[in-house]
Each structure stands twice: as structure tokens, then as C-alpha cells.
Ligand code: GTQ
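This document opens with one chain alone, in C-alpha cells, the form predicted on its own.
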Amino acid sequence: MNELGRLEDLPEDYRAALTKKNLVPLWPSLRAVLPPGKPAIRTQPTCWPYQGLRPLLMRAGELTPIEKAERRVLVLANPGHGLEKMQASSTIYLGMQLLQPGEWAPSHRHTPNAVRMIVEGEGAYTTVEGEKCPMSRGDLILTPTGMWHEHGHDGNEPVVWLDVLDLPIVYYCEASYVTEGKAQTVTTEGVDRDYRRGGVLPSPMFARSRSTFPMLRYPWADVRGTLESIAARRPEIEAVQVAYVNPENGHDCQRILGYSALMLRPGERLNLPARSTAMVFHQIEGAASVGAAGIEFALDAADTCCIPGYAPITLANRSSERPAFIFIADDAPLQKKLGVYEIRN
């Protein structure tokens, strides 16, 4: 490949004339935006152990009342993007959020899509467009774009959850904003029970739900049970994994980011091929290791890590006696829509 010309090779008066007209020569910077063979990766392998994070989150609860925080969150920032960017990867935002007993995080809606993966505690809930979604460890709760949502806590112990948003990409599109609202009136609860069995859907006479997101809460008890059933019934399959999908059409449960849950059998080791998407791994139960690009993270319950794209990944259950359960997030839905998703064997 021929070497491209440099900006400093151009006469100073020519460069000044271009700048005055808001023009930029492409060739000196072409390989920065179109590198040969593989993208330029800024996302770094990064791990956020929960045992180190939790005391700082609890101290935030002491230092900042919910009225001054609105959302009391510690952002899991990837140093490859700069901590000030508050992003785990180019498209994914992660944050650990704390709600203390008796607190209420006010209602608002925003353009980025969000999900909540519950980490610890009982008694809290999220209300989304009037639907009350109780929070228990391992539950996944959606708060899709434009939907009113608020968080409340009727219990007696701290509740913590992992926020996963497509905020970086929505912000990059200059489409990110929030609208404040009033307290919601609860109108429904337990809608997830309507979709408890695959192949059976609520169907009023000749019509299904018109909601774009008919199911907002995916209880961990049901997801875990499904994984255990698959593992027991199909011991020959390589990976015991389920995707969080819209139960009425089978599509990804949100449009930009995708979510799944993986069970590693006792002592199991999986070698994943390099994919174009960065991946977030959050340990729900058990202990596992995640290795990529010469780095290995040992995950215990509630630990979270991010692995950049275009790197083969090794997952291993560190226990020979108990299964390990991992929640996974990536931007494969977006990349597939753009036509840039790749798997490199």
C-alpha cells in the first residue's frame, strides 16, 4: 500500500486557506478513519470488582441524599475512552445505582434505552409507564426509549442494580435528552407472568398486544430455570445460553443493544471466536474467568468486565462443583442493522 501524504507536506498558506473555508484534506487522515484490516480499538479490557466498588457506592449513599442526586450512580468508565466520557465501550454505558430504603428516584423519560440488572437487595421496584416491576437479584428490567420510569423502595435494605444504556451512541447522534415528570400511578403489575411459557401468548380476539415492548421484566428465577433445563436436557450442546427477546416476535428485546444469559457447567471452558462487538460480562452467580488479549479477569458474584471487539474470548467456570451464571450485553443488534457485524474464526 502506498504511503499517504502528510498534512505537514502541504504548504502553510494552502492549509490556512482550507481552514478558513472549513475544509480538511482527507488523505493525511484517511488511515485514522479507515485503518487497514481491522478497526482502531479504543475500548480496553477492564474489570470492576464489586467488592471494591460497593463500599464507595454505600458511602455515596451517605454523602449525597437522593434529592440531590436524582440517580445515585457510580459510572463504570473504560480508561481507553477517557474516564470523563463515562462509557464502558463505544456504544455501552454502565453504572451501579443505589437506592436506600424509603427513597424514591423521580419519574423521567429519556431517549437512550436502558436496562436494569439487579445486583443485590429486596423491596425496591421500577415503575415503567404505570407497570410496577419488582426488583430481585438477577432480574432484568427494561426502560426503553421515551418511556416514563421511576424507582421506589419499600424494603429495609439497600438495593443495587447495574444500569446498561446505549447512551454513548445516542449522545453521539446528538439525540440524547431527558424530560422530567410527575409520580406515576401504578396501573398494572406482573405482566411478565403473561409470557411465562414460550409459545403461549396473550391474544385477545384476533389481536395481540400493540405495545412495542410488551414485556418489561424478565425474572431471574424463570431465566435460571430455563438455563438449568437446557443444560440437563441437552448435555451435548457447546454453550447453554438464552437471549432476552420480545416474546411476541422473537426479536431482540431492545433495538440497539442485545442481552443474554449464559450458564457455565461445573468446570466448563468455552472458547469464543473474535466478534466485531465489544462485550460486557456481569457475574450473576458463581465464579468465572474471562480472558482476552492476553488479560484474564477472575469474576466473582456481582463483578463486571468489558472486553473489546475483534478479540477471541475464553470463558471458564472456576468451580468444578457448581454452575456459574453470567449476564452478557453487546451492541450486536445495532451492528447487524448497520451490516458491519462480523465473526472471525
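Please read all numbers here as calculations on a predicted model, not as lab measurements. So that there is no doubt, residue numbering starts at 1 and follows the sequence shown.
Omitted from view is the form predicted together with the ligand, to which the following refers.
Heavy atoms within 4.5 Å of the ligand in the model of the complex are found in exactly one of 236-244, 194-202, 159-167, 268-276, that being 159-167. The shortest heavy atom separation between residue 251 and the ligand in the model of the complex exceeds 4.5 Å. Not displayed here, the ligand is kept clear of residue 85 by more than 4.5 Å at the level of heavy atoms in the model of the complex. Proximity of residue 217 to the ligand in the model of the complex: non-hydrogen atoms within 4.5 Å are absent; the residue sits far from the partner. Looking at residue 259, you'd find every heavy atom of it more than 4.5 angstroms from the ligand in the model of the complex. When you look in the model of the complex, the only residue of 81, 153, 224, 110 with a non-hydrogen atom within 4.5 Å of the ligand is 110.
This chain lacks the partner; the member of 97, 184, 90, 145 within 4.5 angstroms of the ligand in the model of the complex by a non-hydrogen atom is 97. Along 69-89, these residues reach a heavy atom to within 4.5 Å of the ligand in the model of the complex: 71, 73.
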